[in-house]
Every structure is written in structure tokens, then in C-alpha cells.
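Just one chain is shown here, as C-alpha cells, and it is the form predicted alone.
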């Protein structure tokens, strides 16, 4: 297995931190499983990008952005819930992605590969990080309001449809950032596990975000270290590290 370079470590840490932070909104909106399915919408974009010889992260971002607009548009015309629509789009996307993805690239697309991150990947990752940070800073209060009471937010004059669309687009950026870290198959775990582990022991909402972010960063660092030590792919080792922190939180909660 190739060595993990500095670019890989920085992107891994940034991805772990921001995705885990965003994951707090996901689990409190009870979209954990839906968000995991949502990440698989990226697969057709990754497949097309590989066939076209461009960065798979761009393909993932394009597919997830299109998927977000499709989900939002259908939601405005029907009474279907977000998680239901994600399930429908996810199933179709997964089927399309598996049909067109070259078999030689299947493992990399599903499990990610931090060892292949180039300077261009690094700059793209920094760009996604900046976009996601700006979105969180600008929309944090409204995301929080809708997370706890969408009906009250609507009554209070918040444009919940637009905010929900921005939430999906933020989720698209977060998932795209994590594609290189753990692949389309496991990136949903970056959203769910650190935030769930933090929720068990957090004393308030502020500490919940702080703990989730810390768990995300530590999991990436520990996963990369274990990968180098044991010669396993970094993606699965990062997820196993998250599982370890989840167990620690569970024992601390008891």
C-alpha cells in the first residue's frame, strides 16, 4: 500500500471535522439512515468522472447537487418525506452507478483511497471546506431552528423550503469532501457515528458540536495511524476508530 502524504492527512482531518459537525444536524433531524443512503447518490457521478478522466470528487459533487434539487422539487409537489425521497433516488443512483463504473475502479469508489490524493484533490478539498464553513456560519441558526421544530420555524417566517434545500446542498458538499476519505460506501458513517457518540455524553448543544468534531478528527488520525501500522486500507480503519469512540462514549454514559 502506498504511503499517505501530507495532503491526504490534511484533507482527512478537515473532512472528519466538518462532516462530523454537519452530522449533528443529521442525527437530530432523525435522518441518519437517510443520510447514509444519500451518500450513495454520488456513485453515478464518481463513475462518470472516472470514465471521463476527471476528479471523482467533482463527479460526486455534481451528482449529489442534482440529486438535492430533484429531491427538493419532488418534495414541493408531493407529501413525501425527505427520507422517503432519498431512498428512491438512492436506489436508482446505486443501480446506475454499478452499471457504468469500471470494475477495476470499484474498490476505490466504494472504499475511498487517501493514498491517491494529489495537489489538485487537495485544493478542491480546501475549496469545499471553505464553502461548507461559510454555509454553516451563515445558516447555523436557521438549520438549528428547523432541526428542532420545522413547524415553529415556518410560523416564525423562516422559509423552510429554501433552508431545507440549502441543508441538502451542504450535505452534498460534506459527503463529497468525504468521498476520498472513506468512499461512497462508508462516508455516511462519518456523518452518523461521531455525532451519535457525542450525543450520548454531551451536556448541551454547544458541547455536542465540539465533541462530534473532536471525535471526527481523532478517528481520522487514529485510522490513518492504524492503517500505516497494520497495512490495511485507511477508510475502514477510520470507521473502526469511530466505532471505538462510540464504545467509549457508551461506557462513559453508563
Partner chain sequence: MLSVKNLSVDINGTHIIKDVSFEVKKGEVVLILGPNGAGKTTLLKAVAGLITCEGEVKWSEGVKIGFVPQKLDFQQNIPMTVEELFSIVHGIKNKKEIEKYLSFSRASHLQSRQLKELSGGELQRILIAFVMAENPNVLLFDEPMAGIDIGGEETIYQHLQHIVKEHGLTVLMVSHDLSVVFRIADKVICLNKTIQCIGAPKEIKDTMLEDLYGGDVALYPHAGHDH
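Only a predicted model underlies this, so the values are computations on that prediction, with no experimental measurement involved. Residue numbers count along the first chain shown, from 1.
Form predicted together with its partner chain: not shown, discussed below.
Its partner chain is not drawn, but in the predicted bound form it has a heavy atom within 4.5 Å of residue 147.
Contact annotation: residue 156 falls within 4.5 Å of its partner chain in the predicted bound form, judged by heavy atom distances. The closest non-hydrogen atom of residue 49 lies beyond 4.5 Å of its partner chain in the predicted bound form.
Although the partner is absent from this view, residue 77 stays clear of its partner chain in the predicted bound form, with no non-hydrogen atom inside 4.5 angstroms. Residues within 4.5 angstroms of its partner chain in the predicted bound form, judged by any non-hydrogen atom, belong to 196-204 and to none of the other stretches in 57-65, 196-204, 39-47, 217-225. Among the residues 73, 152, 120, 130, the one placing a heavy atom within 4.5 Å of its partner chain in the predicted bound form is 152. Contact residues in stretch 207-239 (any heavy atom within 4.5 Å of its partner chain, taken in the predicted bound form) are limited to 208.
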